[in-house]
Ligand SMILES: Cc1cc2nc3c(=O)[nH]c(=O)nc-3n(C[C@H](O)[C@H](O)[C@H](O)COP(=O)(O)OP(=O)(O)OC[C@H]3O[C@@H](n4cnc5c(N)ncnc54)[C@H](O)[C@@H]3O)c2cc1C
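One chain is shown next in structure tokens, namely the form predicted on its own.
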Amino acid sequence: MSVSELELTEFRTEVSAWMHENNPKDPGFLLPQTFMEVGDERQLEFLREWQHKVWAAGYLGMAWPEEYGGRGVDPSFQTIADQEMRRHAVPISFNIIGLGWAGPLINDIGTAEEKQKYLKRILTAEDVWCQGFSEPENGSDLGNAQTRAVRDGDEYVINGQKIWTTMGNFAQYMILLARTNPDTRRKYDGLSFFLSPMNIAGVETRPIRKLTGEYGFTETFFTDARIPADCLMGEEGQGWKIAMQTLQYERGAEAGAAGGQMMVRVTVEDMINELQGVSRDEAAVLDDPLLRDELVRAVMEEKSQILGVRRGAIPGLSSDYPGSLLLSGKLRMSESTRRMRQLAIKLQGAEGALYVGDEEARQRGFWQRAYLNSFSATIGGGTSQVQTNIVAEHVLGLPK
């Protein structure tokens, strides 16, 4: 599909006007900064309505097939829509597990029935999806997943526990990794992948309170929960392969997401603007040469992220280590974001100790909350340590 620069420019103008006209007003309660912080019904319904509105306007799932709720256009249109969402600082898209990894997976390898059943309802926000990969005893070591799925006639019986289930208490469906055979030679061969309903007997979720005092994650318990056998995706024993493909979407190494924005994006420029007027010992903090050095490093990190994404889209500029930019993108982005937000608090001096709810907190404690929440991105989807190993082994070819 060939798209002209003029078409893209005209589309950007159209989207920008729509976002400006339709950006919701402040609802009067705290909104999540990321999709991992949706903690109550008010936030959920506000964000559900917003996502549906964006989809109805045609700016979500633009590259997904029309028959499943998309527009069937070139992905470059979705890229522009996403950029305009960030530029206009509209609310986040809350259903990221559906939009960003369950949806693309179903779109790529699902059956026609699965696509018909799930995809449009993901886009319209009618169905919320969560992810059942991590377990209490195994963390990010998915190969050791112990949640069991035993075939019983036309059903599977699920027993076990998952943890760090984002929006598990709101979700209608879970992408579930469970062990169907405990006796295989390789542990990876005994796993299977399910598109599992959540609103059934035997499934219990318990919210987890986070460092910020907010919610967003749950523990999920399966006790003789029965799901239809056709919830199995692919064949029994293919779970590891499908889970790894899912992680490629989650880590940004595989295209196909429906778009939207998973977090409130802030830039170093935003941080500098916010800190104008902050002084220390009667001198502007931004004039401190040592702190200016740190700001310069933050600017360089931010620019390198942007240029890295652009470079990754041009095969000729990334052929030395194919896939390296995509594989390392999640690691670089999550760690850079954490450092930048930490710096924002450091520059506030004593005011950095204030938090959300304190009348004297700068920007109502936005940066403090953002910093504490930034750790979740360095853990979810593979910890930074796991990501570093991936880059070392699969990009640089270092031994395990």
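The shown structure was predicted, so the numbers you read here are calculated from the model rather than taken from an experiment. In this text, residue numbers run from 1 along the sequence as written.
Beyond what is shown, the protein has a form predicted in complex with the ligand; the following relates to that form.
The stretch in contact with the ligand in the predicted bound form, judged by heavy atoms within 4.5 Å, is 130 to 138, chosen from 233 to 241, 288 to 296, 130 to 138, 194 to 202.
In terms of contact with the ligand in the predicted bound form, the residue from Lys210, Arg148, Arg121, Lys115 that brings a heavy atom within 4.5 Å is Lys210.
Note on contacts: among Ser93, Ser328, Gln78, Thr165, the single residue with a heavy atom within 4.5 Å of the ligand in the predicted bound form is Thr165. Looking at Ser16, you'd find every heavy atom of it more than 4.5 angstroms from the ligand in the predicted bound form. Residue contact check for Ile97: one or more of its heavy atoms lie within 4.5 Å of the ligand in the predicted bound form. Although the partner is absent here, Gln385 is a contact residue: one of its heavy atoms lies within 4.5 angstroms of the ligand in the predicted bound form. When contacts are judged by a 4.5 Å heavy atom cut-off, Met36 counts as touching the ligand in the predicted bound form. Applying a 4.5 Å heavy atom cutoff to the ligand in the predicted bound form picks out Ser376, Ile379, Gly380, Gly381, Gly382, Thr383, Gln385, Val386, Asn389 from 370 to 394, in order along the sequence.
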